[in-house]
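Have a look below at one chain only, the form predicted on its own, in structure tokens format.
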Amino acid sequence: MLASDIERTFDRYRDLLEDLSFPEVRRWKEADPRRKAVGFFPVYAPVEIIHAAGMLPVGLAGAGDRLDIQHADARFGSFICSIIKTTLELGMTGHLEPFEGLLFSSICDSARNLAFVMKRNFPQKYIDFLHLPHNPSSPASVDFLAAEYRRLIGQLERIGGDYSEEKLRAGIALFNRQRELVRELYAIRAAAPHLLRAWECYVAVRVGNVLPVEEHIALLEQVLAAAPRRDAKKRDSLRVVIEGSFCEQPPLEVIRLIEDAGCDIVEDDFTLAQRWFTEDVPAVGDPVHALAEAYVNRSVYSSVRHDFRKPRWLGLAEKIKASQADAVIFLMAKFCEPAYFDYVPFKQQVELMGLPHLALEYEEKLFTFERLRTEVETFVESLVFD
């Protein structure tokens, strides 16, 4: 990829992410009628296992502002985050037809309820709820999760999956490579944000939710090769960390307006699925046990994963220090209980470090951004001209 072509690449994949017909999923399945796809709800899913069953793991991220809510409001209350309702709306309007299965996990009460509302409304589909351990300090957690993964493998085989341990080891190696490239992408962005804007990095990483991992690896390699050759000027901007957008993703316009208001987003918790493990998962021995052990002991901190061995606010502090951030923006989805529960200890940690911070709220179906733009611009100006 030439440096001059990189902008067109980002635009193409941005359009792909906004297409609710899942064209890449359909393309992949049309190449072989035996192929099956399994959609998974944020924040985490064992994509390596889905891949090892010969299926395409696809990250679901709601429908943004591209789908009117006509059915979901009758099945969920008013005070529920947008991604829950728009994901259900995708199902109720036939947009999830390409998927033979849907996988949910224990990230919050709303996601748990969505799994069983889906199961009741789509009895013809394989819909499963993956129980992830809530007490990683327990010596039984790894064995518990390994057993849950093996149960999942049995369910995938029941709907036509062709699983083997050899395929899982190969899949682990592939996803290790994907995560390695994502880390490199973030490193470039943090070191030289003028060469790779946050919204561009976001698109390049998030498109991995709908592409086969092999194709996403090739894309990331191309972007990594082209980005350093771009002709871009450095900006005198505020270096910020964004925290709180781990599940429902902010509208792309929100990320762009934060940058346009004078911020370099040098770290974030967007598209967390592609950054879930802090180091490679061993691709030898018992691969199921290796995945379970990595989840319990080598996962990133997150508001949907409780690990009392290492408080989440200390993880945020490490992120701030490593990225040399000047400030923190808490960008939280409306009605997201895990994000708001963690806001207080996160805020206290940031204040303990002596850094300024700003709290913003968004939802998928956000049509006007002027209020957010004004808040960010005022925040930046108060620091620049202080």
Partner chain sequence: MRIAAGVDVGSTQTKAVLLADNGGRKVLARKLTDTGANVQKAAERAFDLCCEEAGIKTADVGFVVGTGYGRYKISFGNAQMTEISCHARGASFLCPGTRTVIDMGGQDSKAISVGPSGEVLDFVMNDKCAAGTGRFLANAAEVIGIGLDEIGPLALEAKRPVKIATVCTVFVEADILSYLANGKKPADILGGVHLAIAKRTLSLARRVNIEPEITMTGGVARNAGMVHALEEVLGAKMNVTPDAHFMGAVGAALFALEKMDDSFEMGWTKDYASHRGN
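Remember, it's a predicted structure, so these values are computed and weren't measured experimentally. Residue numbers count along the first chain shown, from 1.
Omitted here: the form predicted in complex with the partner chain. The next part is about that form.
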Task: Triplet R12, Q178 and E253 all within 4.5 Å of the partner chain in the predicted complex via a heavy atom - done: no
Open item on the list: If the cut-off is 4.5 angstroms on heavy atoms, which of these, K167, H71, H289, R239, is the one near the partner chain in the predicted complex?
Closed with: H71
Open item on the list: So, K334 and the partner chain: in the predicted complex, are they within 4.5 Å at any heavy atom pair?
Closed with: yes
Task: is_contact(E370, the partner chain) in the predicted complex, heavy atom dist at most 4.5 Å - done: yes
